[in-house]
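One chain follows as structure tokens, the form predicted alone.
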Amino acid sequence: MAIISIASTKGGVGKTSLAFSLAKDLDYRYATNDMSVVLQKYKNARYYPRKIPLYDNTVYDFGGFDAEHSEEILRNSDIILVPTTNDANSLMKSLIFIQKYKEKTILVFANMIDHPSDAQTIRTKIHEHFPNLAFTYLRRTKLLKNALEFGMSATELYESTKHTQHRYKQAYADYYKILSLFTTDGLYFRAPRS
């Protein structure tokens, strides 16, 4: 049992598509304070415009804004995934957010990466402030976007045909690095060190 939050005060960094895919792959509830198409695509998705209830076995997708009622969820999360992109504003907002929740288990993932060297640049900037923080990245891909549009998890889309396995091979390997942090015997987080 786990409480997973995907949060950033920066919009457009890829929170929703990752949250949806993880929730679906883990057979978890998806809860959000921000309207999205996930509500139409996933039967276990719920929108809470005011106070979001605290549940186990839930992936929380917090919109790109500060919400007072998200504090309790974030403080009770087993892990907080913080997406960032390769731009100064996204990095600044990520660092401010991480500072606020630095006592929690956090995984920063650089999203929409065009080249691994871009991920290394982001990692270096993050580690200047938080040297032991877990870090990974997702390359720029349509895997998560297309999976959401079809109402499938990234795993379901990837495994659907030989063509999708070929097309999304590298992107799925990146996604699987995050998914594999959760075991099938209780779904708990093991902090990666790389």
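Counting begins at 1, following the sequence as shown. Computed from a predicted structure; not experimentally measured.
The form predicted in complex with a small molecule is left out here; the points below concern that form.
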{"property": "The unique member of K43, K145, H163, R50 whose heavy atoms fall within 4.5 Å of the small molecule in the predicted complex", "result": "K145"}
{"property": "is_contact(T141, the small molecule) in the predicted complex, heavy atom dist at most 4.5 Å", "result": "yes"}
{"property": "Exercise: L181 in contact with the small molecule in the predicted complex, heavy atom 4.5 Å", "result": "no"}
{"property": "The small molecule contact in the predicted complex: N111, any heavy atom under 4.5 Å", "result": "yes"}
{"property": "Residue contact check: A23 to the small molecule in the predicted complex, 4.5 Å heavy atom", "result": "no"}
